[in-house]
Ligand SMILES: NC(=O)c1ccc[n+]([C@@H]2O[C@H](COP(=O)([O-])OP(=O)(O)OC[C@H]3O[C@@H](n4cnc5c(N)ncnc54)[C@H](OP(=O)(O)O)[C@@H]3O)[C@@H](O)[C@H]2O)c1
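One chain comes next, on its own, written out as structure tokens in the form predicted alone.
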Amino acid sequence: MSKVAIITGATGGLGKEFTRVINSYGDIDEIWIVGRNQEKLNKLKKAYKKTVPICADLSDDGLEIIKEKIKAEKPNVRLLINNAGIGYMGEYEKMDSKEVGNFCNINCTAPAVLISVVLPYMHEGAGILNVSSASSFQPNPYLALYSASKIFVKNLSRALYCELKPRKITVTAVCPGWIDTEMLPKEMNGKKVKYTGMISARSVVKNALVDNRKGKDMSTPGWFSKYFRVYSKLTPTKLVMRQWTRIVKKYI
């Protein structure tokens, strides 16, 4: 029975870094890399021998594709990394209903369903890492749906951490601040965007995997994430939202 790691959103910044690091793990036989772009998946396959590309759109029929592969092969899933996600900074009313639906499917439905599918194939010592965000520590105007979706991921992760502890399966919510990847726009409306406490994908991945192996329910890589977690607890939510709105509104 193959010992498998499954990574969604594998062709993006964090996903590629998770793939690079886990490829060196001696206790992992295969890395199932999930993404929508076959060409990018093929490049990862050439770079990392353990990878098994799965071209799947998680906003469409991608979940069924993964589900059928798991049922057919019955692997020993050692790691599930729910990294796939999309973001949107701007006015919520400018998103149409299809965009909202796809957003929720990828950011919320996909990780929840994949955990359900994978759990029967996980054993003692396995780990689940769900990529949330420091945005989950409070509501964020103009980042409303992203923030709300990451709250869902964080709360689901922390609840399952308790439920699965008797099985010795560790669930970790990964809550970084701004990550230096292609997902972040460098410029909006002609203005260079400033990101406080920017952190590298390498640092996020390193901390996340270490924290999961240490049995932690949350990983807050970088000083900003740690600071903001405490600050958002101590400061009235309305005040924090006003502060955030003043910062972000100049870019909208």
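The model shown is predicted, which means the values in this text are computed figures rather than measured ones. The numbering used is simple: start at 1 and walk along the sequence shown.
The discussion below concerns the form predicted in complex with the ligand, not included here.
Among E124, E163, E91, E182, which has any heavy atom within 4.5 Å of the ligand in the predicted bound form?
-> Selected residue: E182.
Only one of L156, I115, I106, L79 comes within 4.5 Å of the ligand in the predicted bound form by heavy atoms, so just point that one out.
-> After the contact test, the surviving option is I106.
Tell me which of 69-77, 137-145, 115-123, 83-91 has residues with heavy atoms within 4.5 angstroms of the ligand in the predicted bound form?
-> Among the listed stretches, the partner-contacting one is 83-91.
May I ask whether N37, L58 and W178 all come within 4.5 angstroms of the ligand in the predicted bound form, judged by heavy atoms?
-> Yes, the whole candidate spot contacts the ligand.
In the predicted bound form, does T11 have a heavy atom within 4.5 Å of the ligand?
-> Result yes; T11 sits at the interface with the ligand in the predicted bound form.
Does S133 make contact with the ligand in the predicted bound form, using a 4.5 Å heavy atom cut-off?
-> Although the ligand is absent here, S133 would touch it in the predicted bound form, with heavy atoms inside 4.5 Å.
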